[in-house]
Every structure is written in C-alpha cells, then in structure tokens.
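Form predicted alone, single chain, as structure tokens, below.
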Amino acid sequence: MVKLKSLAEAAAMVPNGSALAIGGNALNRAPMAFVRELCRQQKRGLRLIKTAAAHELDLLCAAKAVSVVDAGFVSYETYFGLAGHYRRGVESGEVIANEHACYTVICALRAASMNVPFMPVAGLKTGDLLTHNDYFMVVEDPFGGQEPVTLVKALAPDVAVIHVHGCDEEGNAIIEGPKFEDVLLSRAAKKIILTTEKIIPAQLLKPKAHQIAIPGFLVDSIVVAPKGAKPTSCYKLYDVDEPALKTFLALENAELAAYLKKGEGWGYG
C-alpha cells in the first residue's frame, strides 16, 4: 500500500462525524497544514480529542467543523488569550464541551490503547467533573479497598493526525524534543496520519532506529508538509508565528470566510 499522499487525499480519509485526535500541545507542533485542509474540505460534526488545544481547535470551530470536544485545556497561551471561536461555539450550543483534566484525557486514551472500556483515575475524588461529564463514574473498589475508585471511559479516536520532524516512506517517525501525547495517540487511534517535515531515506534512518517514536506498521498515510505545523512551533526548526496568529485573531466575520477558503495555499509551506 502506498502511504505517501497529498494533503487533500489524506484529509479525505477523515469522514464527517469522526472522532479526531490531533497531535502536539497548545501552540507546539500541531499539524496545522492538515487542519487547514480539513477546513477547506468543509468537514462537519468532528469530535476533537486533545489534552491541550489551541489554534487548531479554534480554527476548526471557526469553520463550523466541530460538534464535540474532549479536552483538558483550550487556550492560545500567554498574551494571545482565549480561543474565541471555540468559546462562542460552546456558548451557542453548536459545540458540546466534555470537560476533562489533561490527565483524564491521557487515562481515557490509555484505556483505548489497551483495548479496555475504561481506566481508573488516581486523585480525582470529587468536583464538578464527576457530575457534569458522563465519561466519569465513581465505583466501590471491587477488591475490597476502603476508598472509592474513579473511572474514565475510553476515548478511541477514529483518526489521529500527528506532525513529526521526519519519517521514512513506511512511516517510521522521529519526533525531536517533547513528544507530548503523540506516542500514546499512535497506540490509541484506529488510523494514523502523519504529516512530516521531510522524508528520511530508510538507510539513513537505520542508525537512528532507537529514536523512532512511532513505528511505520501503525501508520496509514504520510503527507510531506514542510513547515506543516505553522503558525505553531516545531522544536529546533521554527517558532510560533506571532504575526500570523494575531492576524487570525483580529479577523472580522467577512474576512474570516475568505480566510477559510484559502485551504492548501496559505503561504506556510
């Protein structure tokens, strides 16, 4: 099977209504070229899964692509402020927000990676999370312990999209610097799509086999996308594109509609 695909071909692998996990963390190494292509293809009804989301989720909400979000944190960080399109989607009822802590998203993904229906969550004993999110349940310890046990229901993404520093044509991928939850996503999701800064010839990757974070046999498709995380950062390669984010956040409704139509040719490649 040929794994190398265009952005358009790979994005077409994400059906409307999919549970979609997106790699990276906040403004770090999000697969933004892929997210922009999802907007261009006018995806609808997506369920977004992520521990800490920022521009990728806000952009998809601006494009009316999202119906449900499972996340522990959503914000642009520091002086960029909150994710306004996401907030308006939740306030209007267009987007259902299943509130989590980042750690409970991780536990739910771990359950999916182990093919079990739920996972115990240590430390979560009380609070609104337990009463306002149906993905949590408190039960008696079945082994006779005195403390009740909090469970979180598994979150199994239909597709996970992860941006990596490099991979070979089989999808054996290297991630430089923090990996965040990307390795876990590659084990929990049913399909994996990689966007990569570059293709590394297999013979050059062999000496670096110990650095492979995601093995190729897990990967369904690969998209070569230099600067594919912009305007978020990619460790050692480029930093957050602050002017681009400020431009997006300042867009009025009419300007936003034109912005969303740009699709693949938005100038980051």
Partner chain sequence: MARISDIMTCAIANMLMDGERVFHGVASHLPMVATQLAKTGHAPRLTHLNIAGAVDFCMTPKAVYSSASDSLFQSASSTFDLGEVFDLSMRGGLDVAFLSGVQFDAQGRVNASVIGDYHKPKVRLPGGAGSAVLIPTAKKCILWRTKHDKRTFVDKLDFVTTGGNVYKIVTPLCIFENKGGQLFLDSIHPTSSLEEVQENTGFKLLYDEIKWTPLPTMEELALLRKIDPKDLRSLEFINI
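The structure displayed is predicted, hence computed values, not measured ones. Residue numbers count along the first chain shown, from 1.
Not pictured, yet referred to below: the form predicted in complex with the partner chain.
Only one of 187-195, 138-146, 151-159, 70-78 lies within 4.5 Å of the partner chain in the predicted complex by heavy atoms, and it is 70-78. When the partner chain is considered in the predicted complex, S92 lines it closely, a heavy atom lying within 4.5 Å.
The partner chain is not shown here, and in the predicted complex it never comes within 4.5 Å of any heavy atom of M119.
Contact annotation: H85 falls outside 4.5 Å of the partner chain in the predicted complex, judged by heavy atom distances. The partner chain is not shown here, but in the predicted complex it comes within 4.5 Å of a heavy atom of N98.
When the partner chain is considered in the predicted complex, only one residue from A62, I214, M32, V240 comes within 4.5 Å through any heavy atom, namely V240. Among the residues C234, I222, A225, V66, the one placing a heavy atom within 4.5 Å of the partner chain in the predicted complex is C234. For the partner-free chain shown, N25, A26, L27, N28 of 24-46 come within 4.5 angstroms of the partner chain in the predicted complex, judged by any non-hydrogen atom.
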